[in-house]
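To begin, one chain is listed below as structure tokens, in the form predicted on its own.
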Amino acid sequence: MSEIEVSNSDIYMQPNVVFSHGKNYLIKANSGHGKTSILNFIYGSSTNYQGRISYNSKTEINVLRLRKEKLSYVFQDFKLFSSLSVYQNIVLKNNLTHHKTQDEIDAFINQLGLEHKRDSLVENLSLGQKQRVAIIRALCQPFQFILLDEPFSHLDPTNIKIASALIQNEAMQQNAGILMTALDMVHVFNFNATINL
């Protein structure tokens, strides 16, 4: 993006931007204006930027440990393993973190209406079902921030209500922050700040 395109951004070209635990942030912009890029910079999956990102005032970080203990991410393209089942995709994350019990995982699956798809291969799911799997997987780890990249784009209002309540509950239990991207204003969470890219 050119300097003109980002001149009015609340993040790009700003001297300092701080996200605090326990607060909810909406990052809003049109398609192609860097919403996913911002989350990828924070997650450490892209370093194609100028500037510095620090976590709890530390710039020297172990990215793998950060992703295991501090940052969870619901990717816009899900990043699921197509040849594995719904349940296998979810427990892959939980096996690394041991964050949720079997009963808690089953409860997530049931609450989001995926119990009949539990053993189905992800490649045979609809986009909305894949998105729900990605949300459950992201909740199966500890986090200080959960990054949500247009996380409800394929969900109906009922599932949006259920999924957002699960995410908010998990964030509250861990005193964690929510960073969510969207094309426009959304009202699924009580946002402490709206950031325009």
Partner chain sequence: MLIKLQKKTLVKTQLFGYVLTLLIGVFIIVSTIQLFIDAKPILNEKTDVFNTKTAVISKQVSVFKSIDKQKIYFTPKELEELQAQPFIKNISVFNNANFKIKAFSNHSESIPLFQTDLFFESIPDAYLDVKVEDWQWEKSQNFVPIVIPESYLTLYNFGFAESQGLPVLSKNTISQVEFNLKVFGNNNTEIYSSKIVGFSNKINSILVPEAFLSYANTKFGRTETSRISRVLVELDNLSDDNILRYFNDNNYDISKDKLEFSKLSFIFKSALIFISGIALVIIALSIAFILLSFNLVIQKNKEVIVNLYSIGYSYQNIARFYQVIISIITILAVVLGIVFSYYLRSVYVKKFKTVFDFSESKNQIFVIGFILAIILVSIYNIYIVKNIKKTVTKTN
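Residue numbers count along the first chain shown, from 1. All figures in this text were calculated on a predicted structure; none of them were measured in a lab.
Although not depicted, the form predicted in complex with its partner chain is the subject of the following passage.
**Student:** All three of Leu114, His116 and Lys130 touching its partner chain in the predicted bound form at 4.5 Å, heavy atom to heavy atom?
**Tutor:** No, the whole trio is out of contact, none within 4.5 Å by any heavy atom.
**Student:** Residue-level question: is Thr101 within 4.5 Å of its partner chain in the predicted bound form, judged on heavy atoms?
**Tutor:** No, Thr101 sits far enough from its partner chain in the predicted bound form that none of its heavy atoms falls within 4.5 Å.
**Student:** When the contact criterion is heavy atoms within 4.5 Å, does His33 count as touching its partner chain in the predicted bound form?
**Tutor:** Heavy-atom contact with its partner chain at 4.5 Å: absent for His33.
**Student:** Contact with its partner chain in the predicted bound form for Lys68, defined as at least one heavy atom pair within 4.5 Å: yes or no?
**Tutor:** Yes - in the predicted bound form, heavy atoms of Lys68 and its partner chain come within 4.5 Å of each other.
**Student:** If you check in the predicted bound form, is Leu80 within 4.5 Å of its partner chain, heavy atoms only?
**Tutor:** Judged by the heavy-atom cut-off of 4.5 Å, Leu80 is in contact with its partner chain in the predicted bound form.
**Student:** Which of 154-162, 167-175, 60-68, 23-31 has heavy atoms within 4.5 Å of its partner chain in the predicted bound form?
**Tutor:** Stretch with heavy atoms near the partner: 60-68.
**Student:** Would you give me the residues of 67-101 that have any heavy atom within 4.5 Å of its partner chain in the predicted bound form, in order from first to last?
**Tutor:** Arg67, Lys68, Phe75, Lys79, Leu80, Phe81, Ser83, Leu84, Gln88, Val91, Leu92, Lys93, Asn95, Leu96, in sequence order.
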